[in-house]
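The chain below stands alone, shown as structure tokens; this is the form predicted alone.
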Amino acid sequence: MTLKEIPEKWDLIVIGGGITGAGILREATRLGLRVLLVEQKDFAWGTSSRSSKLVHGGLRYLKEGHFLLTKIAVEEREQLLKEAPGLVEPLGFLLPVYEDQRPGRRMLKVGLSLYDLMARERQHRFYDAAEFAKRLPRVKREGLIGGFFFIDAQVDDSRLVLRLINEAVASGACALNYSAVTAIHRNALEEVVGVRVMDTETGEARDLVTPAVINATGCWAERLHPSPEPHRHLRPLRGSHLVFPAGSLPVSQGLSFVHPADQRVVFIIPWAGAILVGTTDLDHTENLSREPTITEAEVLYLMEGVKAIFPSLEISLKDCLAAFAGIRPVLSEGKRPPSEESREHVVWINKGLVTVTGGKLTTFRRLAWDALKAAKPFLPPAKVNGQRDSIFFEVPDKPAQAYGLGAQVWRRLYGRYGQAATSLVRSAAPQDLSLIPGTHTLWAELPFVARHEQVRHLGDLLLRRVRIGLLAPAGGKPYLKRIRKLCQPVLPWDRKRWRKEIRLYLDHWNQVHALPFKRAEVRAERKRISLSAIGARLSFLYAKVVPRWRRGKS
């Protein structure tokens, strides 16, 4: 449906198409409410496609004394592992312990024991230095006492958002991307009565009627609803990551370690056929409307960590596939160090406008329920229950027909696409049921999501619907010819539009996901080409004009 086609009246309108908004949409739909979600850019455009891909309890939050937050996050992690196999998967972590390290072995053991207690299962163990080094080849041996093993989980964050939205829409909800709320309408008593929504690309606008609006816009939340707490405001914090090819770093499971520069915990994890190195935690002072990018200082910081933990490893930035940065919406009361700020969420209420912000990817369902409870006085009668029911549609353990695909591939497809996985495979050509090199993605996924998931631009397809823009060399540039051939039948783009989309995508990728020095090289090359083109044009004009002028003179 387009903005022009949707109904005028809604029980609830949700602003924001990230993980929080998607969770609210799914839960509100399960309550039988007529719900619309609008997102000013693309679904999962912001933090929800740029997270650290971890569904975790937050072991470090125990050190800050946030025991309840950790307990809730562990419970949500266990629930998601149970409900969404193939999308949320367990991930083992190794955690080295060195002499004079803080926290040391004793404190880490206490924290991990609490972690296990919250998960109701003993999941950690300690290895001595020799055994730990066997499990993590080329790790720094100097001062190594040993290390712990523990379990957390990981996710494809944008696919989590999209599965929630897709299943909500299948249940009767509506979701629009590239649609911004430009005004919230109120009556004489200042109660919410509707909103004005504008398509950000066509300029088309409509007034919609609703008694309740939930603002789930993350870092943008205070633009719609200033904080009612004078000394507590949103503090945007940037977390940046590097992406390396599988095999470039000697890890087969997660590695969590203390960075030598500032004693922060950083990680190296296998993800989606590649390896992520992250993350930073810095104040983000740039315009929130511009996509965040990694800085040279952050690149050096992350590489310093890699070389410190693997001192004999020969790895350079030439091996790096891509980089990405996300902005965390953290509530702050002062100027604590970024990594010590609480990740708890808040809910503000103002006569039909409910704002929910802060929180973590892992706890999105708790945020959704807290927002819906706050909105209950403004909604039609509905039972706010089922909080522990499965949020996803049930999928089969195995397909009726395998189509030559292994059990792990089917597990992943069911996790990412739910019940639609069977349709995806059934509609695919046999040659497209193979993996795109360097990824876990099938070629067949591209035309399926292009047809069914509101793709407006090539970046929507390659950076969020599938992730090959982060996983393939140069953002997938070597594969663009085949991608165009696969998707041309399902995207309404002519040749001119395809050329434009490819150019815009590659320019965007070089500006946002290339390393800073690569971005400088691209800018210099673009300037050189531009000057060359100007020179060629001047030469052409000279060759045309001067002979005519000379003939006129003679």
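As the structure is a computational prediction, the values presented were derived from the model and not from experiment. Start at 1 with the first residue shown and count on from there.
Beyond the structure shown, there is the form predicted in complex with a small molecule, which is absent from this document and is the topic of what follows.
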Listed residue (54, 36, 59, 512) with a non-hydrogen atom within 4.5 angstroms of the small molecule in the model of the complex = 54
May I ask you to state whether residue 346 is within 4.5 Å of the small molecule in the model of the complex, using heavy atom distances?
-> no
Using 4.5 Å between non-hydrogen atoms, is residue 360 touching the small molecule in the model of the complex?
-> yes
Exercise: residue 25 in contact with the small molecule in the model of the complex, heavy atom 4.5 Å = no
Heavy atoms within 4.5 Å of the small molecule in the model of the complex: does residue 467 have any?
-> no
Flag this candidate site as yes only if 139, 146 and 305 all have a heavy atom within 4.5 Å of the small molecule in the model of the complex; otherwise mark no.
-> no
Stretch in contact in the model of the complex with the small molecule, which is absent here, among 104-112, 436-444, 395-403, 180-188 (heavy atoms within 4.5 Å) | 180-188
